[in-house]
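One chain comes next, on its own, written as structure tokens: the form predicted alone.
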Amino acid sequence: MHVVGVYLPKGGVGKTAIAVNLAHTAAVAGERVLLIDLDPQGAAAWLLGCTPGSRGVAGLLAAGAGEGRRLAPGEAVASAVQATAWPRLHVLPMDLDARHLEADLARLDHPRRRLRRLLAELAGRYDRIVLDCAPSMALLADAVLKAADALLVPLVPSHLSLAAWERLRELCAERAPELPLWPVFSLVDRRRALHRDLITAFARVHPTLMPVYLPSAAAVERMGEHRAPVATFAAGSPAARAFSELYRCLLARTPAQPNGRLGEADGSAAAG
């Protein structure tokens, strides 16, 4: 099981569109895929036709934070997972009310390890887990750094986006120095000189950059109209081809049997 987080501590860079289309492409390719919606907005689950409920990923992560609540067993985790209209693609949605997730996590022992423990309950059920992450640098972001095997980092060709990339690199150097970071440019308009110049300059010094550019496209905007991945209603579009190429690039970097971090001992003595 390979866990990839789609994350940048900045909004508006296309994280959700990438997570949804990547998960769908992997499922079409034959992988058993679980998309976990870690953004309180719940957009990824909504785009795949799923609905938030009273028990989702927030409740599972925070189980034990309140009086009388206990850590959910694997069966409870599986029961919160929803099927989609596409074979092999499942979703673990965000809860209907996830306002207090960070506060609940802060009351727990080792909150940054909660996500990894939750994913361990799913080992063997999925080939790939895709995490659609919120654009924050709080406890949940730290949990993603501990649980993911790699981060796919969407970057809009803008100076603000590149500044967020530098903040993420600093965070990972401190909290997860061995975690692979795979930047990918999204919302790209190759007609704009600024986009071309920033991409060219970035590529010169960042060899881990994904060799595919995800376009700014009307087809991506129409995902909300269809509540579906791009390939299901615009299969021949440049956006659909780009997402397919992104999956092939990801597959090339994914070891056949990844030495995932889910098998590591939790180590209760370590700081949580």
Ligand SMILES: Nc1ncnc2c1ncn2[C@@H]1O[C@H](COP(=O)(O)OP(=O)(O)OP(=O)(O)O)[C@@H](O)[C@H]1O
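Given the structure is predicted, the values throughout are model-derived calculations rather than measurements. Each residue number is its position in the shown sequence, starting from 1.
Although it is not shown, the form predicted in complex with this ligand is what the next lines describe.
The closest non-hydrogen atom of Leu22 lies beyond 4.5 Å of this ligand in the predicted complex.
Shown alone here, Glu245 lies farther than 4.5 Å from this ligand in the predicted complex, counting heavy atoms only. Taking non-hydrogen atoms only, Ala228 never approaches this ligand to within 4.5 angstroms in the predicted complex. Contact check for Thr208: every heavy atom lies farther than 4.5 Å from this ligand in the predicted complex. Remark: none of the three candidate residues (Leu115, Pro180 and Thr254) comes within 4.5 Å of this ligand in the predicted complex, counting heavy atoms only.
The candidate stretches are 199-207, 212-220, 55-63, 25-33, and the one lying within 4.5 Å of this ligand in the predicted complex by heavy atoms is 212-220. In the predicted complex, Lys10, Gly11, Gly12, Val13, Gly14, Lys15, Thr16, Ala17 are the residues of 6-23 with at least one heavy atom within 4.5 Å of this ligand, listed from first to last.
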